[in-house]
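What follows is one chain in structure tokens, specifically the form predicted on its own.
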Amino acid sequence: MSGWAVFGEAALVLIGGGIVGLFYRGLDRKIAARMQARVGPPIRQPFLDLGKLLVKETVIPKTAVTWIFSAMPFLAVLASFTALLYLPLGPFPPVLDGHGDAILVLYLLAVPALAMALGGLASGSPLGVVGAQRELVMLMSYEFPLAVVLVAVAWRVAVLGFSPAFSLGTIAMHPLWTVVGPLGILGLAILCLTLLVVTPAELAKIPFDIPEAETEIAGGLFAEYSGTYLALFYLADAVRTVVLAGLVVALFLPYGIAKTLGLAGAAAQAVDLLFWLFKVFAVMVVAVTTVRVGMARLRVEQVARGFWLWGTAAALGGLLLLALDKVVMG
């Protein structure tokens, strides 16, 4: 593929990812409202919010470290959109397949959280500093279970002889559910559940919205952000939601339906792409919307203890079951 073709494909994915992320955010708010017996905002509301923020004045506090405060929103957006390029999109392989793997995606997912924390620390606001401290504690808590899940799945794919094993494209092309035994299926189920629990924490959604906590620290990390900078963080969050839901799909739900329907060619690609979007939406509803409607905010020590003890134990348990399954199955 020529450089211009890759550039065009990347631009299409990035624009589409931003639109899909904002659209899903609107659906999330509408579904959450219906669950709470409210009408809720229109689905287009995130687009309206983003547009309004972009035309508002961007205020930089006098106490802020200006260059860090200004750079962090751009860093968060850049990392979130770059992660999209390593994600298989239904029947289509990652745009940058072969130029990075799941480990790089893991780092890219951590960058927006670090950017928000640095932005909060650089704001000069006590609320921003408290939010940044909470964000960093959460980051150190959920990153290890997330890494174990990725390594466990990639290791099992490598054992089966598929390469490069850490490529999300390779993992999506070789789903494990049908090639492992009972112990392996149980291990995969535990790993999938662990990743679903990590997803709202990675996105700082209720019950893991501790760094923002509007009722406690008035937005925390974003207390001093406004205008274009706040819009960039808003967009980065929407895109990161797509990336995380897409990661769950790539690791555990990579199946298409075109072959089952007897389709081929462009029609098959279109149907499988729509089915991928549906799966991403389903993961978002299960892991984010339902959880934030049904739970209250946790304390930071509860999150840290939960992920370091129970989250890590679950992920390592899933990895152990996959290893035992490999020994049993040969």
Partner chain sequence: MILKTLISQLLSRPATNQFPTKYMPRSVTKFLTRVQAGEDKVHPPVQVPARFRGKIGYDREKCIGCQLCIRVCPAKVIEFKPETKKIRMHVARCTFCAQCVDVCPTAALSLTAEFLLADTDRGSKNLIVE
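Residue numbers count along the first chain shown, from 1. Keep in mind the model is a prediction, meaning the values are calculated, not measured.
Below: the form predicted together with the partner chain, not depicted.
The partner chain in the predicted complex is approached by Gly40, whose closest heavy atom lies within 4.5 angstroms of it. Not displayed here, the partner chain is kept clear of Arg29 by more than 4.5 Å at the level of heavy atoms in the predicted complex. In the predicted complex, the partner chain sits within 4.5 Å of a heavy atom belonging to Thr290. Put simply, Gly294 is close to the partner chain in the predicted complex: some heavy atom of it is within 4.5 Å.
Between the options Ala304, Ile68, Met35, Leu263, the residue in contact with the partner chain in the predicted complex by a heavy atom within 4.5 angstroms is Met35. You can rule out all but one of 57-65, 276-284, 263-271, 42-50: in the predicted complex, only 42-50 has residues with a heavy atom within 4.5 Å of the partner chain. Contacts between stretch 137-155 and the partner chain, counted in the predicted complex as any heavy atom lying within 4.5 Å, involve no residue at all.
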